[in-house]
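The data below hold one chain only, encoded as structure tokens and taken in the form predicted on its own.
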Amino acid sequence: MRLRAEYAVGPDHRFLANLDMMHVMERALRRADVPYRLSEGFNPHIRISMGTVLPVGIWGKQEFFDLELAAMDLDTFMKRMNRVLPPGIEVKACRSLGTGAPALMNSINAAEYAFRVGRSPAEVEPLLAEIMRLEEIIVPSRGKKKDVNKDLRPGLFALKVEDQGDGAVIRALVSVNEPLNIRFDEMLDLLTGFGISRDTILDFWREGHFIKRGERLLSPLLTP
């Protein structure tokens, strides 16, 4: 059986690295007595595949992992996991995947990042409009190829702002994984470079992942 789970990582865990999160999930699977599958070879490990890495310093509302396990009731899986996971990390939903379903990392191609700012939407909207009018946004790559520049514009799908009462929330829908991966810190630099100073950004998180097909945004949990 192959399972895909959606989970949330609260603000208190924003400084967990990807490997740390992997260890949290593996310990929870053992403590919850989940009948997980192990890889073969000299050093077998749990067959779990985490989704796109959650950058250190931000928290996530809609993260995903795939897991291979023996047949198990999905509600029982969720209850057992949430009983042993640390407060602030919660499995919110899961589903069984059919045979031949694409790997999680091969499916996700978009993500939404959110930035809560201490400025009004009226102040922020013109700055976002100015960014979206650009034909190219050339930045130094902060990934593996640090000696090259890359153009963020083709992967910047949308920028919008919402009223938050005492401020605003900026939402950025961007391309992730191949062929163009826009990193969270690149978006943070872009916003600060266009007049949204770092000291006015009060919080930031990843709102979710998507499978983008044309103009449609599909949930990785619901899409085979």
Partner chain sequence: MKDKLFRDILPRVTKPIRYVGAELNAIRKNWSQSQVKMALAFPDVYEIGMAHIGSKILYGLVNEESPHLVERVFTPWPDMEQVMREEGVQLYSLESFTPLERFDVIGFSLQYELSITNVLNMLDLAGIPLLASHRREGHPLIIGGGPVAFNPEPFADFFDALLIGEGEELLLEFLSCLHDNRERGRQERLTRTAALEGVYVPSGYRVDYKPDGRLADMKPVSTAYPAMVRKRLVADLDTAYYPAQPIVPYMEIVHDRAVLEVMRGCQRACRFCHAGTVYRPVRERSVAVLKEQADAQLKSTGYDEISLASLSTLDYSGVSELVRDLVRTYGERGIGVSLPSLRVDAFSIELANEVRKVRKTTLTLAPEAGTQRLRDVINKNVTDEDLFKAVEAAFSSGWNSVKLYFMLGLPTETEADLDGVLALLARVKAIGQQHSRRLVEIRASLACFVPKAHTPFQWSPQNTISQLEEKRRYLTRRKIKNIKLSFHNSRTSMLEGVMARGDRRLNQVILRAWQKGCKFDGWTEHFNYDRWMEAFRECDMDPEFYVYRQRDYDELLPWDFIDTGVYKAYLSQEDQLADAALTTADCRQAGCLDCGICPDFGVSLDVKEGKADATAG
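Numbering follows the first chain given and starts at 1. Computed from a prediction, not measured in an experiment: that's the story for all the values here.
The same protein also has a form predicted together with its partner chain, omitted here; what follows describes it.
Heavy atoms within 4.5 Å of its partner chain in the predicted complex map, among the stretches 152-160, 178-186, 23-31, 63-71, onto 23-31 alone. Every residue of the trio Y36, N43 and V84 has some heavy atom no more than 4.5 Å from its partner chain in the predicted complex. Among residues of the shown chain, V56 is one whose heavy atoms approach its partner chain to within 4.5 Å in the predicted complex. Of the heavy atoms in R206, none are within 4.5 Å of its partner chain in the predicted complex. Residue contact with its partner chain in the predicted complex: D199 places a heavy atom within 4.5 Å of it.
Mapping the unseen interface onto this chain, P11 counts among the residues with a heavy atom inside 4.5 Å of its partner chain in the predicted complex. Contacts between stretch 100-137 and its partner chain, counted in the predicted complex as any heavy atom lying within 4.5 Å, involve no residue at all.
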